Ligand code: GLN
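Shown below, as structure tokens, is a lone chain in the form predicted on its own; questions about how it binds or moves come after it.
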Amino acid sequence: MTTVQQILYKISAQLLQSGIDNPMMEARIMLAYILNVSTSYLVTNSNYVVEPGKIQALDQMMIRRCNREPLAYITGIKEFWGLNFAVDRNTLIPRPDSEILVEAALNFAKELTEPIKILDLGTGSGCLLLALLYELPNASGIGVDQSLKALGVAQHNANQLQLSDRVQFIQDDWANSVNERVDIVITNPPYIKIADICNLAPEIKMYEPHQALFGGIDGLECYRKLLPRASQLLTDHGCLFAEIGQGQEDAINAIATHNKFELVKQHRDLQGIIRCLVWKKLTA
């Protein structure tokens, strides 16, 4: 008979040997997923005997994780903004640092009294747009992505969060087919330089979709495409919220200024890095 405690010690040691950070936390998440319980349940039921079939399923998860496949892809779920989002290898895994975009957009939305229209460029799993719609019952949104498979994941998440009546997903390249004006544009585009692939963690460079990661030679290619289109679609009182890479703020703001945007705020992530830029349109 094998108990919860014995399993956790065993697999956390294997994870540590494979170079996984926070091995005990990940061990708890995987075992909790297999048993369909909370991680807190494992803490208070450490002597619970796990049946062999569950252990075999956990072993299969362990093989994948020790090969550095992200835990979120193995479980198919990632928490973002306190909500559970389905993810797979067609979508980026939502990261806590990106929550600063949601927070910034929500603060801006407090100034708006009319029904709010939101456009998410490069929506992926839909986490940014759906988190905003979850918090803003008077808002509706459009999520745009080149990947039809990613849009399928986003639609599933909208259905699960009961937001599908307020959102539309479109396969497009930076909203070329979108014609309506919006109050908020939010985006987390690819911004990693192609040459920086060697510096990425194995979980990222081996598993996450490269088309959602890399922004050309200088990392700025997508901003050159999306900023002109965002300028056309934003209402005069609207704002654009964009995630950026470390040290890119000056270069990206220069592109924004060329497209008649004025920088109004910048936000730092959990590590103190400037991660979100906010612009408003310059009006004549």
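Start at 1 and count along the sequence shown; that's the residue number. None of the values given here were measured: they were computed from a predicted structure.
There is another form of the same protein, the form predicted together with this ligand; it is not shown, and what comes next is about it.
Judged against this ligand in the predicted complex with a 4.5 angstroms heavy atom cut-off, the residues 92, 124 and 128 are in contact without exception.
Looking at residue 212, you'd find a heavy atom of it within 4.5 angstroms of this ligand in the predicted complex.
When contacts are judged by a 4.5 Å heavy atom cut-off, residue 157 does not count as touching this ligand in the predicted complex. Note on the interface: of 132-140, 189-197, 162-170, 107-115, the segment with non-hydrogen atoms within 4.5 angstroms of this ligand in the predicted complex is 189-197.
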